[in-house]
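So this first bit is one chain, no partners, the form predicted on its own, shown in structure tokens.
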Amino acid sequence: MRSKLFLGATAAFAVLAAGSVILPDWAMFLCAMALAKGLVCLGIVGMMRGGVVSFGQGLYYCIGAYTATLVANSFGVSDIFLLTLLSALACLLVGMAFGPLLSSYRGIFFAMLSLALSMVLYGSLSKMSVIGGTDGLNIAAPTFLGWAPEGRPLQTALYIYVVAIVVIAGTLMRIYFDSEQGLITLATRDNELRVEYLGASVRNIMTYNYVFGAVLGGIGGTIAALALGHVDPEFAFWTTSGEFVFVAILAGYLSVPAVFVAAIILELVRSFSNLYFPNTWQLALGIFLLVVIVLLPNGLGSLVGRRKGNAA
């Protein structure tokens, strides 16, 4: 089982990395942003497997982006590996602070509390002129262990870095989903009381899932900030968090690769809808999401499960 997983991860890396040669600049940037957002959505999917949905993942997306930007601008740190590590650590600490609180709530209460935390950060950053206020901050291009590429090589290096992070994170989350604790998470979705009777702590499981989602959100935010070269409070706004939830719903909770496929599809649909329907692109995007949800209520990941069922 593990050998198949690592073989699949290697194949996924090879296919995605080939995009650095095949894709034009605009498509490579679009895919890099989609994969970065996919990391955030993967954290939401981890929580969805336990029956809760976070409408506030923009909180960690924004914390990760601002941590990388402030560290880079204040201390002159430009190495992408160090910036990613520091952002992940910051989100880990915040997630550990809020996780035990939110893990006691379910349903709409969990969703609204997570959204409230994100909007508190948005409001605070918008009023802090010392760090740019609503205009945000710029961040310089990253370096890679001392290498400072420019132009196409920079975009290629950033894209390969995102692909590597996505493959590693996706593999680790798949291992976690298939582990004892990951399977208990699914059981919690079906019958939380029975899981407690069996001796497992549902609150601890929910906390772990929330913290994992926080770290993934921070990494995604760091990559997005470095790709854009700019960060602003909109990273924490409710529409940003809503976009992550859309991707998670589109993907479903059954498949890890489906999360990143859904993120790329949504980014493509939004970009081309905005290009060809500039005044009604939100309507086009909404119709697309509605059609997918009606036809695939369990998300794109259900196609994989359906194919396995047919093969059996």
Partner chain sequence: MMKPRIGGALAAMTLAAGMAGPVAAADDTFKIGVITFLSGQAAESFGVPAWNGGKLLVDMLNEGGRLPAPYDQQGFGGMNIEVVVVDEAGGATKQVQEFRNLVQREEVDAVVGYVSSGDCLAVPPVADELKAFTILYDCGTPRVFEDGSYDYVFRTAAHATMDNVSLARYLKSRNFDVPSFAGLNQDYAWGQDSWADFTGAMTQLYPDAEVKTALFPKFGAGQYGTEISALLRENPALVHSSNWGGDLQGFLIQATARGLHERAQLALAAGDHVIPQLQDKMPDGIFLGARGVNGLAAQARGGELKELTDTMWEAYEAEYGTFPVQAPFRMWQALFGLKTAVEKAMAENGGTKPTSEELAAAMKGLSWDAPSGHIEMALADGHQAIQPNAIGTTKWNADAGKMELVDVEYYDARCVNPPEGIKSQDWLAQGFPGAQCD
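Since this is a predicted model, take the numbers as computed values, not measurements. Residue numbers count along the first chain shown, from 1.
Another form, the form predicted together with its partner chain, is not on view; read the next lines as being about it.
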(request) Give a yes/no on whether T134 approaches its partner chain to within 4.5 Å in the model of the complex, heavy atoms considered. (result) yes
(message) Please tell me whether any heavy atom belonging to P257 falls inside 4.5 Å of a heavy atom of its partner chain, as the geometry stands in the model of the complex.
(response) yes
(request) Answer with yes or no whether A72 is in contact with its partner chain in the model of the complex, where contact means some heavy atom within 4.5 Å. (result) no
(message) Taking any heavy atom pair closer than or equal to 4.5 Å as contact, tell me whether V292 reaches its partner chain in the model of the complex.
(response) no
(request) Could you check which residue among T188, T84, T171, T207 gets a heavy atom within 4.5 Å of its partner chain in the model of the complex? (result) T171
(request) Establish, in the model of the complex, whether L16, D232 and F235 all lie within 4.5 Å of its partner chain, using non-hydrogen atoms for the distance. (result) yes
